[in-house]
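Below, in structure tokens: the form predicted on its own, a single chain.
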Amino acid sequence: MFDLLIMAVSWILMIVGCVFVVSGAVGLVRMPDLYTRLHAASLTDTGGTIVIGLALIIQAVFIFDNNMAAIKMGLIVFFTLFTGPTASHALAKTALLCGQVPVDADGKPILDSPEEATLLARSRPADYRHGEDAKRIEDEMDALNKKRRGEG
């Protein structure tokens, strides 16, 4: 009886996870631009991973009595939760840097130009040169140390 209950719960979780993943696939087809497609796919894949992983962990522990498989599945879910959103962020930022302009619900561009999208994605100014941050921080630390010693 206990095994039947565990199997029922794990299969319900698997079905829910599959619904997440299939809804993400539908979102890839139905959404209007790259950013909304990316959003739909990344959220549903992460949610599906959590729910399906939980179902497999339950089966590994209670049905197959294999704790090592449960630990491995837990690690797979854990690392997927980090890599999925990180990859989505990198893809979205790269699209902005390449000038891909997001659109609103009516399909009209939100930004005026691809150049504006590129500027929006930059974390530093276009004329930034390597090492400027380190030099600025070093100068600020020197000024702070002089102020503490009473030299400033």
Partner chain sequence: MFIAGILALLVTMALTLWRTLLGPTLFDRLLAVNSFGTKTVLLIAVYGFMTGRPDFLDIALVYALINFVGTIAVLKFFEYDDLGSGKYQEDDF
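Being a predicted model, the structure only gives us computed values, none of them experimental. Numbering follows the first chain given and starts at 1.
Omitted from view is the form predicted in complex with its partner chain, to which the following refers.
In the predicted bound form, I110 touching its partner chain (heavy atom, 4.5 Å): I110: no, not in contact with its partner chain in the predicted bound form.
Contact of I76 with its partner chain in the predicted bound form (heavy atom, 4.5 Å): I76 belongs to the contact set for its partner chain.
Close approach of A69 to its partner chain in the predicted bound form, 4.5 Å, heavy atom: Yes - in the predicted bound form, heavy atoms of A69 and its partner chain come within 4.5 Å of each other.
Residue contact check: V103 to its partner chain in the predicted bound form, 4.5 Å heavy atom: No, V103 sits far enough from its partner chain in the predicted bound form that none of its heavy atoms falls within 4.5 Å.
Sequence-ordered list of residues in 1-18 near its partner chain in the predicted bound form, where near means a heavy atom within 4.5 Å: Residues within 4.5 Å: S10, W11, M14, C18.
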